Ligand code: ADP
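Next up: a single chain in structure tokens, the form predicted alone.
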């Protein structure tokens, strides 16, 4: 089987090792074999990016815009092909995979426009005869480290602004899902960038981390993944010899969806089902805590159980499937362990939670969506990020306690409230301690032009996406000019 190679300094290069990429919907199906870069190759990639950086930084906004627009257009033109690959390697249902691919296209095309819009300021000085100019310049070589749950969209929203603002990139995707990353890299490799401007190194993070985080040629690191790994990234960026690297961390959540007594029941159930269980619950913005007030609690639980009965667990590429497999055996074991923990803590498993082993004769990492009831906010299933199709209902005495419970978490990425009261909507928007608040909408899902990020243990550094991305991928220069 052909080995998909790493891309370094403008060339596709062989590596000493390769790994099989396996379909979680059918573990007999090998998607492909993908190279694992050595640490020496990662160092080569950083060196290539550092050598290319001055040339790309000096490129015109039009050159950058044209390159990014071309990348975005090709992604859109190949939507079906790329969506099929994404669904096959990650297990996301095909409809969601199509949406993710299109989102990646939109992100590149949005940042093609941002490349043309990067401006500055001209200020009068407080001192006579001086003018103050404020401009933004590229931050330098950026290491980009991405997770497995959005294998084309998250790379897109990091790579696109990095290139748009004149930075060279070393991209390390999650080892579990190299296929979508490789396909994106292959598209970028033909976009007319100077050799070395964009580099792809696939493989194990623990083997490549020192090169990607500790190399003095790396000016900035953008990371999305677990909180524990995020802390290690921060420590490496701060503790390395020489200048510290700028770092941006997105590290997960334990997101609440509050359902108040006056909520539209159908809207609330739709928000909860989408937020908790779509993408097999493998989203950092998933609604894993459903906080419900007494007047609607029983009706909400009954409606949730009825809706869960209609969900179809199956092969991600089967159009009838609404819930695909868990990404791999390790994640499936973790999900099942948390289901056992919930039971041991006294929560009642009202629906699902069974590992199916196979569906329609296909061996895969299938798990029925699990809904716990009779839970409280002290349980581990309500404190720790599970990252699977597992949600828990928490009964709150009233709206005030619901808000307190929602904020009682170490995380603060996304949050939501379902209500028909403008007063309550305004109150919760103001007081929910999260980077994103959704009113009568699922906690998962943001637009390419809107900022993405959280508070507390969920995020560190400037926001991702939209015009806010410039805060991370550029550095501000203040110049004084004498008349």
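Numbering follows the first chain given and starts at 1. Source: prediction; values computed, not measured.
The same protein also exists as the form predicted in complex with adenosine-5'-diphosphate (ADP); that form is not shown, yet it is the one meant from here on.
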item	value
4.5 Å heavy atom contact, residue 196 and adenosine-5'-diphosphate (ADP) in the predicted complex	no
Distance check, residue 108 to adenosine-5'-diphosphate (ADP) in the predicted complex, heavy atom within 4.5 Å	no
4.5 angstroms heavy atom contact with adenosine-5'-diphosphate (ADP) in the predicted complex for residue 175	yes
Non-hydrogen atom contact residue 206 with adenosine-5'-diphosphate (ADP) in the predicted complex at 4.5 angstroms	yes
Among the candidates 377, 274, 135, 226, the residue which, in the predicted complex, approaches adenosine-5'-diphosphate (ADP) to within 4.5 Å (heavy atoms)	226
Residue (of 180, 146, 280, 288) lying close to adenosine-5'-diphosphate (ADP) in the predicted complex, criterion heavy atoms within 4.5 Å	146
Listed range touching adenosine-5'-diphosphate (ADP), judged in the predicted complex by heavy atoms within 4.5 Å, from 367-375, 80-88, 228-236, 180-188	228-236
